[in-house]
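In the form predicted alone, a lone chain appears below as structure tokens.
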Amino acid sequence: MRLSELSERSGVSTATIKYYLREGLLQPGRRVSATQAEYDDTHLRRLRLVRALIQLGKVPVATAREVIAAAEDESLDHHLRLGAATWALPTGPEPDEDDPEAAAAGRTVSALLQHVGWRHDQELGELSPAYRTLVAAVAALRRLGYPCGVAHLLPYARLAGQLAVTDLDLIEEQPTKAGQIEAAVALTVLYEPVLLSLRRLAHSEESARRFTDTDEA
């Protein structure tokens, strides 16, 4: 397809597509003349990924470029390519190394991972952006005096483990490894707001069930 058709089918303006091409976010098309190129379905899929990263995930262009580079690095095994791509996505705040609560939070997180048997995550430890974000979150809970011990975090970890199975099942539905890597990034970006929204809706439903006064005046 030509650039105009790629724009029409993807919903991305030709000017934006040209910008993505210049920034290395979109692979070049096949040259058919000095001024024209042809594109195919791989370009459509890449545009979906770029839009998910930049527009929905609010990922900077430079970071989006890192994600795409990781997805295309065939020197890595499939697990590492998936991890490298998703690790490039933005996470929450980093723990403060000078905060005594951060050290205590780190011990809690390590104990939690050991309890649920997540050995891979235990080995990665502070190398993992998600691990560091979790430590920072637990440290904040500790500072404010809210419950955040292993017993309190365990139900969340178990639910997350179940969600991971569902997520990976969706990712494996993609027929190619490249498609699976792109899906891992896109689904991470797109499904996190779904999870947050469902959690808040569930809170509302449970609160109404518990606290709505059904007694007639």
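All figures in this text were calculated on a predicted structure; none of them were measured in a lab. Heads up: residue numbers just count along the shown sequence, starting at 1.
Absent from the display: the form predicted together with another copy of the chain. The rest refers to it.
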(message) At 4.5 Å between heavy atoms, only one of the stretches 60-68, 36-44, 158-166, 23-31 reaches another copy of the chain in the predicted complex; which one is it?
(response) 158-166
(message) So in the predicted complex, is another copy of the chain close enough to His79 to count as touching (4.5 Å, heavy atoms)?
(response) yes
(message) Against another copy of the chain in the predicted complex, would Thr86 count as a contact residue? Criterion: heavy atoms within 4.5 Å.
(response) yes
(request) Indicate whether another copy of the chain has at least one heavy atom within 4.5 Å of a heavy atom of Pro100 in the predicted complex. (result) no
(request) Classify Thr133 as contacting or not contacting another copy of the chain in the predicted complex by the rule of any non-hydrogen atom within 4.5 angstroms, answering yes or no. (result) yes
(request) Pull the contact list for 176-211: residues with a heavy atom within 4.5 Å of another copy of the chain in the predicted complex, in sequence order. (result) Gln180, Glu182, Ala183, Ala186, Leu187, Thr188, Leu190, Tyr191, Glu192, Pro193, Val194, Leu195, Leu196, Ser197, Leu198, Arg199, Arg200, Leu201, Ala202, His203, Ser204, Glu205, Glu206, Ser207, Ala208, Arg210, Phe211
(message) Closer or farther: the C-alpha atoms of Leu56 and Ile181 in the predicted complex, versus the form shown, with a change of 3 angstroms or more?
(response) closer
(request) With a shift of at least 3 angstroms, figure out whether the C-alpha spacing between Ser197 and Arg48 grows or shrinks in the predicted complex: closer or farther? (result) farther
